[in-house]
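What follows is a single chain, given as structure tokens, in the form predicted on its own.
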């Protein structure tokens, strides 16, 4: 999971660009040897979602092939050569020169294929990647599930048939890299930081693909240089560096030290080098709040989506820079990767810019009513995604919390949603599912809190699993629509009840109202900019009166593409405080005024 890099030993080549592309709706590609070239190619951009690049592909989620040629540099002959795919949504298989070299299921997270024994050095190589994004009940997130609620609710289901309220973009969404490393090389680095008074303590676990030798760690930053050396015990070595008068990483001062890890063979020769930024900081959840470097923080920010015109969910670097500038302009200090892992480039930007991240796997709108086999399949996939996410993002100081689910749904959810319905024996099934993920996150990383995000009507004991209670609430929108005073009264009553029952700090991780940019009304009416502004301001006021509410994430940062339904004009979710084009609505100016005040406020 180490991000590829170029240095004096490692080599790197970006295979992103324009590839050959062809859909395979009849699944004949492998039999007809498309892994050596597609018969009727058209150009496609990588990274990018195919749905946004051609009108006839907008709702296509079946199999498709990406093919391109590359030459392996002759200077790489003595190294191990890999293809790394940053994200292939949802499932992918990879061929080099007609030979299958690997694959991955789950989307959103990177995978590597060792092609050392497959690559040709005396001519061009053909790289083919078959990707499909079929919506299936056994996948995470699931799709093509039976309609919930019956009657009107069944008629309101969207197309494509997702269980979630964002578009199921397909394709190669992040860069594809060709990279080379030494035969014996560093395979993983795990960084954990502690603070002892004014001293920073950095603990590193370094793993190699061989045995023996030593590792040297050099830390540079804040005008100083620190170095330590450790001997490998088998494939692993542990090292520790103390930094007097450490400059701590925080959202106000996101200082990053640079650690260079050098692999030294038994004979003294350097065999590999890898560098990574290190932010010295601690995170702790207490009964009172969330502490970063021992100090309480109040999260101000958003739920977001990787979503834009033409690129879809594909990595869009200029948009990334633009969005972070807008986050800083509005006064935000955090966001949640709703509802899937975002790009590694986003995490690097968050480290650099000092944004606090709740990092989430795609367990969104999970249900527990379709039998043990389907539930077990989804749990196995969720466990893999959580393992991969923590392996990828564990060294980012910006990541302050893991989220293992968004809005898991109990039986009779719609009845509970509106105040009816009651507990079900299947609540225990959901509890066991979520507990396994929470326990796994804690086992994989003891340095960060773990949470899950509950929906309106969700069981209380599901929320009890989390270190910090995270809830999505839409009183005054999906219920009490147009009755904002009644919605705010319900919100206040529920917050007080949740805190009394659970005794834990609360973050409202979603609240918002669909808003048509330019639509105005007096008095404020639903879908107008005035209603959105008063809705968000009301929630901020209710939270500000309750010290146990330690954060609010507005839903959403910007309007985004969802599926087509009677609830979504143009297939768009319009809850953004910015339009999809990143123009501010009235609510964005209100939030900026609130969030940039010198005094603490929600």
Ligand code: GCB
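All of these numbers come straight from a predicted model, not from anything done at the bench. Residue numbers count along the first chain shown, from 1.
The protein also exists as the form predicted together with the ligand; that form is not presented, and the subsequent description refers to it.
The stretch in contact with the ligand in the predicted bound form, judged by heavy atoms within 4.5 Å, is 571 to 579, chosen from 571 to 579, 41 to 49, 538 to 546, 25 to 33. When you look in the predicted bound form, the only residue of 474, 368, 179, 324 with a non-hydrogen atom within 4.5 Å of the ligand is 474. Taking 467, 272, 165, 427 one by one, only a single residue has any non-hydrogen atom within 4.5 Å of the ligand in the predicted bound form, and it is 165. With a 4.5 Å cutoff on heavy atoms, residue 89 does not count as touching the ligand in the predicted bound form; it lies far away. The closest heavy atom approach of residue 281 to the ligand in the predicted bound form falls outside 4.5 Å. Using a 4.5 Å cutoff between non-hydrogen atoms, residue 510 counts as a contact of the ligand in the predicted bound form. A residue is said to contact a partner when one of its heavy atoms sits within 4.5 Å of a partner heavy atom; residue 406 meets this definition for the ligand in the predicted bound form. The partner is not shown here, and in the predicted bound form the stretch 82 to 116 never reaches within 4.5 angstroms of the ligand through any heavy atom.
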